[in-house]
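Two forms, one protein chain; structure tokens for each follow separately as structure 1 and structure 2.
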Structure 1
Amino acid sequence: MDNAEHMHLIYVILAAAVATFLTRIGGYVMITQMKRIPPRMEAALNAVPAAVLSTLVAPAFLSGGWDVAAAMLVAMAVGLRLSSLWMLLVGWLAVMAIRHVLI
């Protein structure tokens, strides 16, 4: 990249940083304009983490291949009892075993 192209990239990254910061402060700015949280909105807010994170899990489960899906199922079984670090370790071992031993 020449100098002009490089400056262009820096501007894109800065714009992306501002856009990201706006998402991180936007909900706070909106909600503090309201004096009280209606109960249905609180129920909705309580559902936010599970709802958002599910959208990062489900497509990966379906489109990652059968080896990824199998490793995720094993990790989920582990996650019902143990911490997420164990989930990562067992899930990683499962996918490595499938890829390097079974196939």
Structure 2
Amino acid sequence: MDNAEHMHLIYVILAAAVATFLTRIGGYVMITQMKRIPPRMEAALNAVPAAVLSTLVAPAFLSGGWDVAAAMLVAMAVGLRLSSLWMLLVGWLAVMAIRHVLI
């Protein structure tokens, strides 16, 4: 890479950092200026954790192999009945058991 390419990369990284900062601070400023959060906005904000979780889990589920997919399904079944700690523990145990016993 020559110097021009390095500078271009630095500018792209800085622009991405500024855009990220402005979108995050913009949402905070917008919410603090409201006296009451509208119901539709509250519903959208309540959906954010599920959206973030699905963007983290879906790629691993689809491309992680059958052992990872099976462990995630087991963890999901446990997560419907027990706490998150149990879900993580059982999911981890499931993937380790599959990898060491069946593969």
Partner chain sequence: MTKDDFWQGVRGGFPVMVSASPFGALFGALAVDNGFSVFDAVFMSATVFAGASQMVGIELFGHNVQPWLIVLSIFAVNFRHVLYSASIARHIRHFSGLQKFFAFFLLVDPQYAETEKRAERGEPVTFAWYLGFGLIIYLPWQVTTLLGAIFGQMIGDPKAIGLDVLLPIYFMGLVLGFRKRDNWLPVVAVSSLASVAAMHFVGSPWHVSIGAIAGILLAACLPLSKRHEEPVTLEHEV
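Treat the numbers as computed from the prediction; the structure is a model and nothing was measured. Numbers given to residues start at 1 and step along the sequence of structure 1. Take the two forms, superpose them, and find the largest set of C-alpha atoms that agree within 1.5 Å; that set is the rigid core.
The second of the two standalone chains is derived from the form predicted on its own. L62 is not among the residues whose C-alpha shifts by 2 Å or more between the two structures once the rigid core is aligned; its shift stays under 2 Å. Relative to the superposed core, L85 undergoes a C-alpha shift smaller than 2 Å between the two structures. Annotation for M7: C-alpha shift of 2 angstroms or more between the two structures, rigid core superposed.
Superposing the rigid core and comparing between the two structures gives a CA shift of 3.0 Å at A43.
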